[in-house]
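Form predicted alone, single chain, as structure tokens, below.
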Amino acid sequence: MALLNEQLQGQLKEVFSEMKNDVTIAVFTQKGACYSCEETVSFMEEVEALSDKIHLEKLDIEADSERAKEYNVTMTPSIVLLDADKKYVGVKFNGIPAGHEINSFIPGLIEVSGAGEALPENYLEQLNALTKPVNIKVFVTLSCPHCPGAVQKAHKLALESDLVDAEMIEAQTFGEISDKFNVSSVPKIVVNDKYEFVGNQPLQVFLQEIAKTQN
């Protein structure tokens, strides 16, 4: 059953016409116990069909373990967006980006294509000052209307810095890691597995937490 109806397909084709360069959607699944893997692949097939700039690559986390390692993929289903040079730019979705999360996935495709808006200069200066790797986990649920904004911000920071890796984690799909980080409300943002805050906060809050990892 298609996740995108005809009306939504038409709207997305229009949105995707804004894409500047090609983007590859690399989907990692796992044979056997993989909640929503099949549904995620089907969804990505629907998305690929809407633009000649979108390309789908289906991978297995075990058979393609080197690729998984390269993109820091540790769970399935996992979606990694690659730029026109097939380069990983730190943008990842763990779990199906359906429900409200389509509002972070679609902008993610646009941004990775090179059609996004530039960050203010003072934010770029803070990102350029980074010297150590940063991982941002954004825990979400598909019914959360405030979560896509937090995911978009994390991914934008990843796109602007080679040292930042940002990932959406669908809390209900990945209960074990959600429990590990005591996720009780979403969006919950965890930076380098240590610094935490809750809510779709301004970008400056993200940067303040990131700065703590550089000491």
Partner chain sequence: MELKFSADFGSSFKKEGAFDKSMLYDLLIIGSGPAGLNAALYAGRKGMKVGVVSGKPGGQVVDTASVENYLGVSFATGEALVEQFMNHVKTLKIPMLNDADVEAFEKKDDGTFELKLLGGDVLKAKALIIATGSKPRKLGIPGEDQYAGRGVAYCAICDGPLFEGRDVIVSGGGNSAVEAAVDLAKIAKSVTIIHRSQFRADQIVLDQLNAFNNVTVFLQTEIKEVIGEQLMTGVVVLDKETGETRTVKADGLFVEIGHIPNSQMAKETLKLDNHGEIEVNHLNETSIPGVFAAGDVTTVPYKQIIIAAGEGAKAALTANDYVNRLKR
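This one's a predicted model, so the numbers in the text were calculated from it and none came from an experiment. Positions refer to the first chain, counted from 1.
Just so you know, the form predicted together with its partner chain exists too; it's not on screen, but the next bit is about it.
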Note to self: I need the one stretch from 67 to 75, 130 to 138, 106 to 114, 85 to 93 whose residues put non-hydrogen atoms within 4.5 angstroms of its partner chain in the predicted complex.
What the structure shows: 106 to 114
Note to self: in the predicted complex, does Lys156 come within 4.5 Å of its partner chain, counting heavy atoms only?
What the structure shows: no
Margin query: Residue-level contact is defined here as any heavy atom of the residue lying within 4.5 Å of its partner chain in the predicted complex; does Glu18 satisfy this criterion?
Written below: yes
Check: Does the 4.5 Å heavy atom contact test between Ala171 and its partner chain in the predicted complex come out positive?
Finding: yes
Note to self: in the predicted complex, is there a heavy atom of its partner chain that lies within 4.5 Å of any heavy atom of Thr24, even though the partner is absent here?
What the structure shows: no
Notebook entry, point to check: Considering only 170 to 203, what residues come within 4.5 Å of its partner chain in the predicted complex, judged by heavy atoms?
Noted result: Glu170, Ala171, Gln172, Thr173, Asp179, Asn182, Val183, Ser184, Ser185, Val186, Lys188, Glu196, Val198, Asn200, Pro202
